[in-house]
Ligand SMILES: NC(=O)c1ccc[n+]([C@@H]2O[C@H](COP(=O)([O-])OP(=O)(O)OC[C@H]3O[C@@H](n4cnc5c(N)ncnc54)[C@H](O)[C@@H]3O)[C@@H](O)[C@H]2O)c1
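In structure tokens, the next block holds one chain alone, the form predicted on its own.
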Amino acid sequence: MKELEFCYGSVTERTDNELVFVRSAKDAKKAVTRAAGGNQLFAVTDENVARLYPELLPKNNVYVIDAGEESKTLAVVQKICRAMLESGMTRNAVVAAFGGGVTGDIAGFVSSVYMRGVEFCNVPTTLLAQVDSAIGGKTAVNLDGYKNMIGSFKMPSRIIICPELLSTLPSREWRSGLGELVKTAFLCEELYGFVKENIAELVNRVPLAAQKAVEKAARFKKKITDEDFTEKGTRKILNLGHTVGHALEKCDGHKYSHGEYVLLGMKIEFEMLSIADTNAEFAAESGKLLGAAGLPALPNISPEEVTAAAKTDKKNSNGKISVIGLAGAGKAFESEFSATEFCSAYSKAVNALINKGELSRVGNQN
């Protein structure tokens, strides 16, 4: 495999949502300084990044949050805004996120509301963030266990991607990123071919395979989000696996990583929409890919509980539950279920998958 030629600088021509690929943490810091353009810089990071990559961060005006989903609250947003105010940050300030999806969501939301909005720059440090959450301008915090219920659209001026930062990821975080990477691959035929061919290398964290996959996934998501910033049309396809995935995540109390719930969501949603009836070959291939990526056991949650959580999903409209399906790689469509229909389809899908040996429940793995 040919090594990617990463460069210090932009790989796009847009002045917002700009992808910048760099080789090292040192170069990432330089790119952030360049993005700030002499304006005040306020960094938001988590305790893990602050410990592992202190060279990434500016010397002053750094707010460190606790790592994990529990930090995605309005209370944390308020603390960061207060720290910015006490540091003398004005409307010319630039908020820079250094971390995974949680840090990016929080820092992005802060940048959208502090003094009615300041500039935002994102430096994703996890696989999930580099291929998905850092790109496209969705920011949010959680409410009562429901994912991303309070938020805004705030496009980062730049997303600075450094695959070298992935080398220290725990295995669970890598698996989480694989979940979102596989999701993106299902939506992009070119990426699907690469991921299918190189899944073993990606699971085993081979750097060159990861670099190429990150670049392809990031470019694809950027294209989709540039075309549909506020998710009124095409961008909805990026929610593949997330209706069931988010519902399981809420009901299960985030015991798995986000990407693992997305893997489960895709597996169950594909069965709910009977993809095997329309494309048996793709259904078989997708099942193998989900398994190779690390499909976990299904938590013991009733269909009624999952349905109740799915009913609150932001994608829903007109009293229907929205689910994204596939007729093949790159061929997405949207289906809508009433709550009764969803509950029945979910229950039948889970039972069918368990009977076929394609899914196991927690405490009952084969």
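Each residue number is its position in the shown sequence, starting from 1. Just so we're clear, the structure is a prediction, and the values are computed from it rather than from any experiment.
Not on display, but discussed next: the form predicted together with the named molecule.
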Spell out, yes or no, whether the shortest heavy atom distance between Ser133 and the named molecule in the predicted complex is within 4.5 Å. yes
4.5 Å heavy atom contact, Ser111 and the named molecule in the predicted complex: no
Would you classify Thr184 as touching the named molecule in the predicted complex, given a 4.5 Å non-hydrogen atom cut-off? no
May I ask you to state whether Gly68 is within 4.5 Å of the named molecule in the predicted complex, using heavy atom distances? yes
Asp46, Asn148 and Leu169 each touching the named molecule in the predicted complex (heavy atom, 4.5 Å): yes
With the partner omitted here, the residue among Ile268, Ile237, Ala217, Leu165 that in the predicted complex has a heavy atom within 4.5 Å of the named molecule is Leu165
Taking 4.5 Å between heavy atoms as the contact cutoff, choose which of Lys221, Lys212, Lys250, Arg158 touches the named molecule in the predicted complex. Lys221
Just one of 60-68, 30-38, 305-313, 320-328 has heavy atoms within 4.5 Å of the named molecule in the predicted complex; which? 60-68
Can you name the residues of 169-185 that have a heavy atom within 4.5 Å of the named molecule in the predicted complex? Leu169, Pro170, Glu173, Ser176, Glu180
